[in-house]
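First, one chain by itself in structure tokens, the form predicted alone.
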């Protein structure tokens, strides 16, 4: 489907690696589709016990590819790949871990709300500039973030678009720990191997009890998605995209 998503195995751990460094791992439709397929396929494979998301050095992901946004905003078709990925992530049957280094924008932040354990490096900044682009939060973040971070931190993150350092993210429970740039992948994968070694049935029950009814999260993802699609075709969003692209060209 795409060369920008590398799916590998390390024992019982499935590694899903975003690998588009020249675009700072900006995610296009094909990449979302590949990640959705990897999650559902791994969940169906009895040899897989755990999923891990990784990026490239300095970039977990810079968020959605704005060219996809612009195409839809100007009348193009929006595929189901993003929705398929978000639902697969929110309903993953097996534990999900992530190792985040550097840029973590938009989905690069909200993906970690669905992870059971996340490690990040000191240079990582979590940022969701949805409203600045005339959009709304996605990935169920409007539901999960207030429960996890509290209302005011969530407002600063999701509505004001303020960046959150790795240290603050650890303090407020968005991530599990902060580790060095040279060890982020290995530490994350070692922890994933520890998770994969646990008795799988007991681990599944424990995890399901902690997560609760995930249908509620899927419904919020659907609700956010309806607003998101409408906002993408709004004048406000189109103007914000054009202004952002103009700043990029002049930089």
Ligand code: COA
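Numbering follows the first chain given and starts at 1. In this text, all values refer to a predicted model and were calculated from it rather than measured experimentally.
FYI, the form predicted in complex with this ligand isn't displayed, but the following is about it.
Annotation: in the predicted complex, residues 65, 103 and 129 each come within 4.5 Å of this ligand through at least one heavy atom.
With the partner omitted here, the residue from 149, 158, 143, 133 that has a non-hydrogen atom within 4.5 angstroms of this ligand in the predicted complex is 133. Contact with this ligand in the predicted complex, defined as a heavy atom within 4.5 Å, holds for exactly one of 26, 38, 192, 184, namely 26. In the predicted complex, at least one heavy atom of residue 22 sits within 4.5 Å of this ligand. Picking from 196-204, 43-51, 56-64, 210-218 the stretch near this ligand in the predicted complex, with a 4.5 Å limit on heavy atoms, gives 56-64.
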